[in-house]
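Consider the single chain below, provided in structure tokens and representing the form predicted alone.
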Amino acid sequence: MTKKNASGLHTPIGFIGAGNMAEAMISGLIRTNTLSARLIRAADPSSKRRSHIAEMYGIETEADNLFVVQRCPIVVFAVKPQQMASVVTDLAARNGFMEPFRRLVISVAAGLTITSFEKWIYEGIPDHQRHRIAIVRVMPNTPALVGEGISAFSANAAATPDDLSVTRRILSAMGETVHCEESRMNAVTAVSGSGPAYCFYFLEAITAAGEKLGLTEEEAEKLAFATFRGSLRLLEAQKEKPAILRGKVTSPGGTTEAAIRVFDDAGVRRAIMEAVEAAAKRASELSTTS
């Protein structure tokens, strides 16, 4: 029997695809002592990626996806959405999801529904065995690459409370987690999945404004980046709503009030809300066509 590590996970985890998100998860699992490197395997068609992952993290890698799936009760699918159907159906056709053990299948592919995975995986599997294959859909975001992400996840009816607990522990290696109904996943995609781009967009604009006012690019970036970082830490430390802290900075007749007035006159709040709604709509369209 494999000895549990400090965090308690002791089940082998396999990754299908060894790109950036898979690497973020592998790195997080090892860095946080959630799982030993010797219990992690990854498959990828690129010999360059396999060599990189193996050398960097000391895990076992293979070119054949089936080798990983047959040896790991927990399998994370981290390939591009447009490639997922062919990858999963190939494994199903080769009996990759059959016995001897129960499986937890986790997908981090944006826009692909649980229904799609059920269609691909459950094909050819008797109804009475399908409860032994739990499927979880995850929407991570790019700050996961530095352990500061947030991942929302939803699961199908085959998932047990233990499956959900294990999923949360795996995803926690990359940051925070939220468990929600799949019907809300498009909203999650719009808020947190695309969210980092919104933050970068504002930083671009504020930095450009600083340069226009006479600061060097280096000065403007340093001031803008530190302000965003410090503001978030202040928000977390004081446990106040953003509107409350904004009010504390906005003195009547002062510089901040002048800036906020421009935002309001330009309809910035409305534009942000409409942008997030547009992202959710697009996420819904992509999920429908996947």
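Each residue number is its position in the shown sequence, starting from 1. Remember, it's a predicted structure, so these values are computed and weren't measured experimentally.
One more form of this protein, predicted together with a small molecule, exists but is not displayed; see below.
Residue contact with the small molecule in the predicted bound form: residue 41 places no heavy atom within 4.5 Å of it. None of the heavy atoms of residue 73 is located within 4.5 Å of the small molecule in the predicted bound form. Contact check for residue 185: every heavy atom lies farther than 4.5 Å from the small molecule in the predicted bound form. The shortest heavy atom separation between residue 142 and the small molecule in the predicted bound form is within 4.5 Å. Picking from 158 to 166, 216 to 224, 172 to 180, 134 to 142 the stretch near the small molecule in the predicted bound form, with a 4.5 Å limit on heavy atoms, gives 134 to 142.
Checking 121, 114, 110, 190 for any heavy atom within 4.5 Å of the small molecule in the predicted bound form turns up a single hit: 110.
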